[in-house]
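As a starting point, one isolated chain is supplied in structure tokens, in the form predicted on its own.
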């Protein structure tokens, strides 16, 4: 099993597809990953399963890879209920989680915005570009840049999960460029395609960060590093001023009043 633990997951899943299906059951989506260079042992560590879950997972994976091997089944106390895992964040990471809240409010509005655009005679270019401004100024420059310039520097930038985050950021930026082009051309189909694609990407991206990446990074930080990171994030926020987040919160509230009240 030691050899398997030190193999890249893409190679393991290619040779033993059942391993991919087992990981999916535990919410570990390695099969669709476009990189796949994580070692099996690192995947288990990143997801921080409780001991009982990890024991069962590793037993099932070993049986899938070595079906003829006599692998002792782990003893699991079925009467012992595992309490739902509560994620706690250090102060600077909690700030990043909180910023996701405003981004998710825009993502929730995108289907309504797309429907409004499709039902309008002409494309509301101003509305589309206002949404783009929020994405570029708040979601990307204000939030993602703190991840890239501060948070990610505290771990190995070559780690696959970090490379996936960078790739998601770049993919999101490409969708935004396509949305702008669609707005300039009045192309409703292009706006729809890339706004919805951006929404789907960011929903999954935020989930990965809140539930996997951020806790994984937090577990590696010393008290001193948490303090350093908090200072850097505070300075980054101060460089843009208090008005920027307030401005974009007002924008989201206005959109919610326009689109969600109409639905209600």
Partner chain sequence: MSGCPGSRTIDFSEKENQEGNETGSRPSQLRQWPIQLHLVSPLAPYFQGKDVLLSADCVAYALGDFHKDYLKGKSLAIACPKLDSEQEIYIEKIKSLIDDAKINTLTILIMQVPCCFGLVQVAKEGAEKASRKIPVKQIVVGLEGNILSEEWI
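None of these values were measured; they are calculated from a predicted model. Positions refer to the first chain, counted from 1.
Separately, the form predicted in complex with the partner chain exists; it is not shown, and the next lines address it.
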Spot the stretch among 101-109, 181-189, 119-127, 86-94 with residues whose non-hydrogen atoms come within 4.5 Å of the partner chain in the predicted complex. 86-94
When the contact criterion is heavy atoms within 4.5 Å, does residue 228 count as touching the partner chain in the predicted complex? yes
My question is simply whether residue 223 lines the interface with the partner chain in the predicted complex - judged by any non-hydrogen atom within 4.5 Å. yes
